[in-house]
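Just the one chain here, the form predicted on its own, laid out as structure tokens.
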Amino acid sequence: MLKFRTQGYNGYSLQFSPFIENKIACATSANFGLVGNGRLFVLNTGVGPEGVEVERIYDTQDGLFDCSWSEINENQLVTASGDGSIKLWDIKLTEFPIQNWHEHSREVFSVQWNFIKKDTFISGSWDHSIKLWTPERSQSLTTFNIEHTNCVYNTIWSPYNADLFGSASGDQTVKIWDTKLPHSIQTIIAHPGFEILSMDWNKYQENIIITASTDKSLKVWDLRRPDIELLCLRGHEYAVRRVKCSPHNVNIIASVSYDMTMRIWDISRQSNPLVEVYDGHTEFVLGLDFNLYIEGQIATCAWDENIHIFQPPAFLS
């Protein structure tokens, strides 16, 4: 177990580098993201007396809610900010972002780089819109803003189709989009009456997605048969903030929640899918990621100003 203190800043999101196995970035906000500055931490694990050392710290004028590493340049990453801005950073340079976009009119809650095309990324905002970007342009490529009727909390690329992405919204829906089309191609009212805070795409089955909601549940969906979920995962005691599918196992997913836990699920075990509960945090857990290079290694960040990096016992066995 490695731990790092984000002193004075509450963790919102983190991501392992897609290039370097021991590098991780974490987006944080002062004062729980309600008011004040943000801070981006770039950390290296497996070094120093505590096992985690800071490579870079970048301060921003408003809170940071998400971050995503570039899939084309190992030194670059984007951040999503509470002031509606998106910033591109290069960790070989100090202090200032190399690009700053400001088109969203409210908090940007999600950014994700395209796994396949590698030269674009997507953002989702509380202004109900989604935008497609490339680092080479000073304006967005496309805006999708005519369908969601509430905050867009999460935007996720398909790992199979370079033009497909999904969005999770406070309007109770998940939508699937094709970047070549102005309208969504599919809508699922996934958690009727409740906000959807997160979604992820199964890395081994192109039609399987997972949704996470304020109704405390996660649901497994087959996009070919969206009338009813394949599986509903219950166990969290409060809203589920984020879900991630394992990059190494078709059946393993992890989730974090306002109940201060991280849970691991095996969706092949329909009668008893809960594998493990990690309750090492003392505040809301909002950030979660799997390490692509170290099978079974997970990182979490929380409002308790801590990042935890560990391999759950279920994976070790």
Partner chain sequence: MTQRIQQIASHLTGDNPAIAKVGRKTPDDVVIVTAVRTAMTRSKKGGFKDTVPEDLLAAVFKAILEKSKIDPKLIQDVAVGNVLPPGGGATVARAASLYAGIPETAALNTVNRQCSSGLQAVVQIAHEIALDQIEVGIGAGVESMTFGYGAGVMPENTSEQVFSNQAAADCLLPMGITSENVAKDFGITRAKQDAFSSLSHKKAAAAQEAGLFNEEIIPVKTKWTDPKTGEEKEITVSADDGIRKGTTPEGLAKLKPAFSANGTTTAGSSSQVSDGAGAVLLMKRKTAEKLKLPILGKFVRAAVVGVPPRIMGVGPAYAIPIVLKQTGLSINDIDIYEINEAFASQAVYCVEKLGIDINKVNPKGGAIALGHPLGATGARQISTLLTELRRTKKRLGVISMCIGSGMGMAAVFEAEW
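Numbering follows the first chain given and starts at 1. In this text, all values refer to a predicted model and were calculated from it rather than measured experimentally.
Although it is not shown, the form predicted together with the partner chain is what the next lines describe.
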With the partner left out here, check for me: in the predicted bound form, does some heavy atom of Gly82 sit within 4.5 Å of the partner chain? yes
Even though the partner chain is not shown here, does Leu141 get within 4.5 Å of it in the predicted bound form, heavy atoms only? no
With the cut-off set at 4.5 Å between non-hydrogen atoms, does Pro97 touch the partner chain in the predicted bound form? no
Interface membership of Cys245, the partner chain in the predicted bound form, 4.5 Å heavy atom rule: no
As a check of understanding, the residue in Val54, Val47, Val277, Val35 with any heavy atom within 4.5 Å of the partner chain in the predicted bound form should be identified as Val35
Which residue, Gln172, Gln112, Ser198, Ser184, has a heavy atom that falls within 4.5 Å of the partner chain in the predicted bound form? Gln172
Just one of 203-211, 87-95, 232-240, 72-80 has heavy atoms within 4.5 Å of the partner chain in the predicted bound form; which? 232-240
Checking a candidate spot here: are Phe290, Gln311 and Phe315 all in contact with the partner chain in the predicted bound form (at least one heavy atom each within 4.5 Å)? no
Though the partner is not shown here, which residues of 86-111 have a heavy atom within 4.5 Å of the partner chain in the predicted bound form? Arg106, Glu107, Phe109
